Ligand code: BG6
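Take a look at this single chain, the form predicted alone, given in structure tokens.
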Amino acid sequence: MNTDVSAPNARQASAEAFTADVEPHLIVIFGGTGDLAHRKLLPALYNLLSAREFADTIEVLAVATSDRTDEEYRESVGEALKDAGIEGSEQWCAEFLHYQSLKPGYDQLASRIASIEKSSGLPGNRVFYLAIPPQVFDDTIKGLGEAGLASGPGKVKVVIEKPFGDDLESASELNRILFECFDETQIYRIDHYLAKETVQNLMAFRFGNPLFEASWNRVGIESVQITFEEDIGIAGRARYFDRSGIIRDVIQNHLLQVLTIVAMESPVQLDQMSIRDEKVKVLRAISPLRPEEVVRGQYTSANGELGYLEEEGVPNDSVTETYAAVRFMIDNWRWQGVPFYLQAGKRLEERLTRVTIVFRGPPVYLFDRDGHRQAEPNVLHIILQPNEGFDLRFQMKTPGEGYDLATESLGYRYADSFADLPPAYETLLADVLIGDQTLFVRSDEVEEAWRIVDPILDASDKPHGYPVGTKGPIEGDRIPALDGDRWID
């Protein structure tokens, strides 16, 4: 397809739909001087708010431990916005951006919040965004509660970045601490992957197209593969990643969330409670993992590129996995006997996130040649990044006598129809402001996901090596081979 220059702008349509539902708010960003705030949150907030008629009803207060004046902070944010390609942000920074050091304590923070709300005529709707390391979640949440900031004259919400704990026990403890100060309707656990338009479109693709939904089950589908490949390494995040590994960092959250959307039953309606209920049902139906259903890998040096153990900050005896392949089975009526293969890795040959649906072959193979089956299974690739869209593979007869078959492809790309997709953080921040929790993770989802992967965390055996720039360790092929399958390219 050719790109249609008159195609609708998805970001503009999303913004227009969201505008009418936004109430005045104060957004308080903990970790306001950090990398996440400067690279992601503040550019997203500026793009979301700056051109809207309600822009003068949203104030932003950044909080961190360093001593800075409002002017110093605004100058640093202005530079960050320029780095993000945003020009002309000076007026917005000067009028709506504030800074408060946390050193004087939470009572002083409460006073500053009250002062900004009074001077700006805000009704007390507050968003506390915890863009901070997970090890200080507990103290921050308790500080908000003790200062009386967990409730207020308006609606109070708290936004938490992943990871939500690092195992089932710590996740349950984090939920317990949250519930001492907030209730579930106030808590927004962010997994930015859920805000990708292509992830959300999985539901529309399934439930809006009976052609696919009719075969979206154990009768029509042979296997499901969900792949997350990165061509980059740990990007200076050794301190975090070596404690985490790819299973905690990607599979427990991003990929299991994608799996729930692929496997869920149709919700009663498209509201946040119904959708999240169906996702939890999928997680609860996943069978306990067995050791043979997991392969772990770690990238090694190749072609002058560093291996994981040579990365700065990584212990030379680390057994943290940078690749993992896992087989999940879902014990319910729809998916009984259908394997779900998940693989994720760093320093692989390309950047790609994709869901692959392998449909069952025909009951009788008519097109054998010399005893070998010509027909390949129908395969649906749903590409989440990059170049979002889908490809459907099917069989066609080649010209000439006889029945020689060839695999052809029917494809679609979002860019052919939509000029601009809204970035994930803009979507999530908009949903927080209007109070829509559909794309956020509920406490029982968090704990069920940790329950599933808990048995395979903290393995002490040495991961299988794989050279930088390859498909991963050859041992990863063992996972689909459990069912006589292979990874589909």
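Just count from 1 along the sequence shown to find any residue number. Note that this is a predicted model, so its numbers are computed, not measured.
The form predicted in complex with this ligand is left out here; the points below concern that form.
Among residues of the shown chain, R189 is not one whose heavy atoms approach this ligand to within 4.5 Å in the predicted bound form. The shortest heavy atom separation between K118 and this ligand in the predicted bound form exceeds 4.5 Å.
Heavy atoms of R351 reach within 4.5 Å of this ligand in the predicted bound form, making it an interface residue. This ligand is not drawn, but in the predicted bound form it has no heavy atom within 4.5 Å of S151.
Between the options R176, R237, K82, K103, the residue in contact with this ligand in the predicted bound form by a heavy atom within 4.5 angstroms is R237. Taking I160, I221, V250, V282 one by one, only a single residue has any non-hydrogen atom within 4.5 Å of this ligand in the predicted bound form, and it is V250. Contact here is defined as any heavy atom lying within 4.5 Å of this ligand in the predicted bound form, and by that definition not a single one of F30, T65 and Y99 is a contact residue. Heavy atoms within 4.5 Å of this ligand in the predicted bound form are found in exactly one of 228 to 236, 103 to 111, 284 to 292, 262 to 270, that being 228 to 236. Contacts between stretch 308 to 331 and this ligand, counted in the predicted bound form as any heavy atom lying within 4.5 Å, involve no residue at all.
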